[in-house]
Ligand code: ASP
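Consider the single chain below, provided in structure tokens and representing the form predicted alone.
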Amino acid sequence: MKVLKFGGSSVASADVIRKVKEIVLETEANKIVVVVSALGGVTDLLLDTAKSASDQDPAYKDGLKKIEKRHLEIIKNLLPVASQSSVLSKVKSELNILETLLEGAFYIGEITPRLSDKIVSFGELLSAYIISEFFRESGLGAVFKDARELLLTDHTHGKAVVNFPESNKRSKAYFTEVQSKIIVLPGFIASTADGNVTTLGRGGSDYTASILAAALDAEELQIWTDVSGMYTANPKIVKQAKPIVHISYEEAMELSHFGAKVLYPPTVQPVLDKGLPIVIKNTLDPQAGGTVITKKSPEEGRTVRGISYIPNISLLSLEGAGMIGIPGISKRLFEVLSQANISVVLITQASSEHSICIGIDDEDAAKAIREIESAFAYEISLGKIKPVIHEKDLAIIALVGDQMKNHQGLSGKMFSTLGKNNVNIRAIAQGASERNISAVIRKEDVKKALNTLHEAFFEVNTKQLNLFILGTGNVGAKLLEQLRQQRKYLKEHLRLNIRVVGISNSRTMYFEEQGIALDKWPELLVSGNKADENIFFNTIQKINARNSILVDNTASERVAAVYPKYLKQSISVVTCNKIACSSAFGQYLKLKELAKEYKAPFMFETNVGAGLPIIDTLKHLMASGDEVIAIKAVLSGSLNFIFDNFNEKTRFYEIVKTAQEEGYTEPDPKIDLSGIDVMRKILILARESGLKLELNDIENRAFLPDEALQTKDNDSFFTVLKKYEEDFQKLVKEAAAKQCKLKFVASLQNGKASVGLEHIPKGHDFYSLAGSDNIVLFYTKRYPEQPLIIKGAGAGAEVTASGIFADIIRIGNY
């Protein structure tokens, strides 16, 4: 014998009910017990209609019409016309009784728990009757059996307590005698000894099926729903969630308690003692494997089996010095809640006995506070206990698994994973069985928390990074193309899933929570909303994605100023914008400290040398205990390109124009030629070397005339460069006369820094530096005579983008 239960989603329409028939037909068993819920949505409709009636709202009649229409349509869609008459007559007769009950509620303006049970029972009764008639008409030889005749309960309406000895006796007697192979019963409903209707509470149809399976020693209990079993997490929230093939009773109950709605904890209890297997299957996909639930899970090596959550939680804290060492405080608290019929889902208590914290449903919070403060009114009036502290809009997340006990490091891994993503934990609970670890968090963090934990505990070391990119010019466009090209490689070889979730330029911005299609980003950005820095930040907060990274490809001082705001939200920052790290030393230091405090990396490798590992090398030297003696460097790829190509046969302004057009300079080339860009770079290296310097501490031997520095736009700037061509030619001739080359050199020695043009003789490390290359000579205690040299392309959109890309990958490995 097998017991099959079909929930509301499995009997929501005629088409789905036909699938139910096929499933029953293909089930191999000598007897098949089919337990059904009300048609999908009908129970809620019945409750709403009953409330309208008790509120004396005539609109309850509209609800009644909807209920009638729903059932009559199902009959007409399932049964041939010749067979509909008797079924329609029976259903209408039952609906007339329902109408009478609702009229009574309307006239007296009240619904008692007993009347409510009577009204909602019609959902299951009508559903089971219609389905049994459909089976019979289809040749299955099914019969209908009213579950109220088998299941006996006490008089607690809404959530009745089952009389198992009598219910088991009745069930065994009936199923021993019945000859039909298929018996269809309504779930959820039962009756008292004197024949009054009762209901079994939340998950009542599952409970009915479980009671019958245990009473009849069934081969297995099958629960058919709209998902293919239990998952490692809610698949609607965690797209990478995986079906759980086999799980233990205890694990299933824990996951069910924490929100896995395909199964309710009471369902498991009747079959648990008998050791009967439960199978969770998908009515819409019968061939899917589903989940088998037994006494023991075969996957002994798996520690965490699932991650679940309970939404809409309130934390109530009772605390005060008057609680310390006083026996009975906890008893009084929980007694008050029990008498008020309030369920507590989480408890923590400080070892000092100074406070007790409980988690309850948001809907119960006001009532609980009222009852607790009434019970402790005397202590509160004396100041020994404070009024109840209420925190709302929370949720509980839980790791579940039989094998978690005695497995070191799980809680540490859980909390550090959440902490890195700015998920604040308000309370923690772990049972003595060590089968679950629970934490209370903000409800808006649930999606991020579940995905982050699932990634940490279930995915094969694959880490998802979510990028929000500011600036889509030369560098930004190259970065987006590199990300598109390398997506597959990163997943396969580095286990990194990098998604671009938001992009913005100075005009528009566009977001796509599941990731922007990188082959279509230009047209998507054009179709986006007007760019706004505050809305951009607020949208990132609203999306609340794990491992979020702000990528700044701009040279904007305004953007650099908001880095602290991002870091405080544990959003990492990757930037080629040198303004932040070359701003006031206190601001630079603050950014470093915020990155540490909020575990959000602040990466700026491309501030010096574009894609060259200059800053990274310097960091490793310092971390390993080396000490910088001096730095000599050519740090401007644009200036090196300009002076490498400028000679007596060329004109200075033309070379500068070419450098700008090829992306070697900033959009405003004055920034490069003034020396300010190189000043910022040597300042950053000085600070990374451990020196406390400001930008105005650096000597700048500028070669541009003041008139050029005072220009307001690029056209004026180039006009002035033409005017001073003779002066620029003089610089070239002076260097040539000494058989030297002109290089714009940055120096750091004895705590002082300077930048300026220098004559570089043949044989010097800088002499042969060509094109847009950079070079850095690190003289340290370990490299005092022969410096550590880093040399390579130091400008251009392609290499700058690759440097940003490298920083993103570094964060992925963080």
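Model, not experiment: these values are computed from the prediction. Throughout, we count residues from 1 along the sequence that is shown. Just so we're on the same page, rigid core means the largest C-alpha set that superposes within 1.5 Å between forms.
As for the form predicted in complex with aspartic acid, it is not shown, yet the points below apply to it.
The closest non-hydrogen atom of A38 lies within 4.5 Å of aspartic acid in the model of the complex. Though the partner is left out of this view, P277 does not reach within 4.5 Å of aspartic acid in the model of the complex, counting heavy atoms only. In the model of the complex, aspartic acid sits beyond 4.5 Å of every heavy atom of T198. Not displayed here, aspartic acid is approached by G203 to within 4.5 Å at the level of heavy atoms in the model of the complex. Shown without its partner, this chain lists S754, T780, S52, T43 as candidates; in the model of the complex, only T43 has a non-hydrogen atom within 4.5 angstroms of aspartic acid. In plain terms, the part of the chain that comes close to aspartic acid in the model of the complex, with a heavy atom within 4.5 Å, is 204-212 out of 606-614, 204-212, 177-185, 441-449. Taking aspartic acid as it sits in the model of the complex, the stretch 101-128 comes within 4.5 angstroms of it through a non-hydrogen atom at just one residue, E124.
Relative to the superposed core, L125 undergoes a Cα shift of 2 Å or more between the shown form and the other one.
Once both forms are overlaid on the rigid core, the distance between the two CA positions of R202 between the shown form and the other one is 2 angstroms or more. V42 shows a C-alpha shift of 2 Å or greater between the shown form and the other one [criterion: core-superposed Cα displacement of 2 Å].
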